[in-house]
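Only one chain is included here, represented as structure tokens and corresponding to the form predicted alone.
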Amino acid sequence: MSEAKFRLRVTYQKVGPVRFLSHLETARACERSIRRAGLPYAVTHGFNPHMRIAFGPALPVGTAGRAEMYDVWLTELVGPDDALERLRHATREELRAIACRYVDPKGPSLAAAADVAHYEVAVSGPPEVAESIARGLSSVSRSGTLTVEHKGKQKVFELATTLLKEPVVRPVDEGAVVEVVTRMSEQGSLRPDALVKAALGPALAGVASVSVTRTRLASRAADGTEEAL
């Protein structure tokens, strides 16, 4: 049985059409890339041994990611630059590896450590859409809560604790971009597109599209500052 000695943290992007892959499909694609790259990965113990790999918080289907992460345990030390180069050659561009580094094998899992998510919500619409979103966000913020329906169930988010920063609205050509920073927890996370759509209200009918990209995952320290994963 191979011994897991080295925990390699890989940062990768998930963009373009592959953003519609499920979390399980994404995991399988990454595992195939690791095999093609020839990295000396460790396998789990038990009746059904499989690659020892662990992913960060799942992206909703349709949401892109610029800095997603997984940890893969290796049996032999491979230089981070060498591992990155091998993964880049073995992975399709839409799931391209961006960075590799080693982390403490006994450290917390990515899923447990990542509790802050940064998003960009791109809204394609008329020139005044940025102003509409800004006004709507102020109104939603004053209400204090946002009720979101998902799979037939309603969940109420307390915005003062869910939003770690006041959303920033930037007008761009043919629309607007909204920067949202949310807290993630085992109880669920607020989807930023739900916040923006609520802010738009009736103006949503004049919007051509709303797309979401998760741009960064981080950990929140006790003093409220963010720490890189």
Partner chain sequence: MSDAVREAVERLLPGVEQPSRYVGCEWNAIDRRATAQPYRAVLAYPDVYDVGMANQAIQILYAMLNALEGVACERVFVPWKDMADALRSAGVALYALESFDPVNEFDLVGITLPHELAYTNVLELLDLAGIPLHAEDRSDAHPLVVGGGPCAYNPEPLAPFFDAVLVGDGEVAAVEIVQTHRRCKQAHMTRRETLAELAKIQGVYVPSLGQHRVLRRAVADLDAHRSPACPVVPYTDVVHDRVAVEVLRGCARGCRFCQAGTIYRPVRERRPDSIVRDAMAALRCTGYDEVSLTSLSTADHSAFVEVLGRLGRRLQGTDISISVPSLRADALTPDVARLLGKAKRTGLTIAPEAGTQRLRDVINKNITEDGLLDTVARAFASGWRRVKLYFMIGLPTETDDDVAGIGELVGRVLAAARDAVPANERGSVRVGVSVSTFVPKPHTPFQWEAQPPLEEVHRRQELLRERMPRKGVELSYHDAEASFVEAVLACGGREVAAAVEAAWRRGARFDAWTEQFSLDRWRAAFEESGLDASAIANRPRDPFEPLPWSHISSGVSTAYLRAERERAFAGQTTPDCTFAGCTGCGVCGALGVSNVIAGGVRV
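Positions refer to the first chain, counted from 1. Fair warning: this is a prediction, and the values are worked out from it, not measured in the lab.
Not on display, but discussed next: the form predicted in complex with the partner chain.
>> By the heavy atom within 4.5 Å rule, which residue out of 170, 36, 183, 165 makes contact with the partner chain in the model of the complex?
In response: Here the answer is residue option 36.
> the partner chain isn't shown here, but in the model of the complex which of 155, 101, 92, 135 has a heavy atom within 4.5 Å of it?
Replying inline: Contact residue from the list: 92.
>> If we define contact as a non-hydrogen atom of the residue within 4.5 angstroms of the partner, is residue 19 a contact of the partner chain in the model of the complex?
In response: Result yes; residue 19 sits at the interface with the partner chain in the model of the complex.
> Applying a 4.5 Å heavy atom distance criterion, does residue 32 contact the partner chain in the model of the complex?
Replying inline: Yes, residue 32 lies within 4.5 Å of the partner chain in the model of the complex.
>> When the contact criterion is heavy atoms within 4.5 Å, does residue 40 count as touching the partner chain in the model of the complex?
In response: Residue 40: no, not in contact with the partner chain in the model of the complex.
> Taking heavy atoms and a 4.5 Å cut-off, does residue 49 contact the partner chain in the model of the complex?
Replying inline: Contact with the partner chain, yes.
> Does each of 9, 193 and 194 have at least one heavy atom within 4.5 Å of the partner chain in the model of the complex?
Replying inline: Answer is no for this spot.
>> Within 4.5 Å, heavy atoms only, one stretch in 198-206, 157-165, 63-71, 23-31 touches the partner chain in the model of the complex. Which?
In response: Contact criterion met by 23-31 only.
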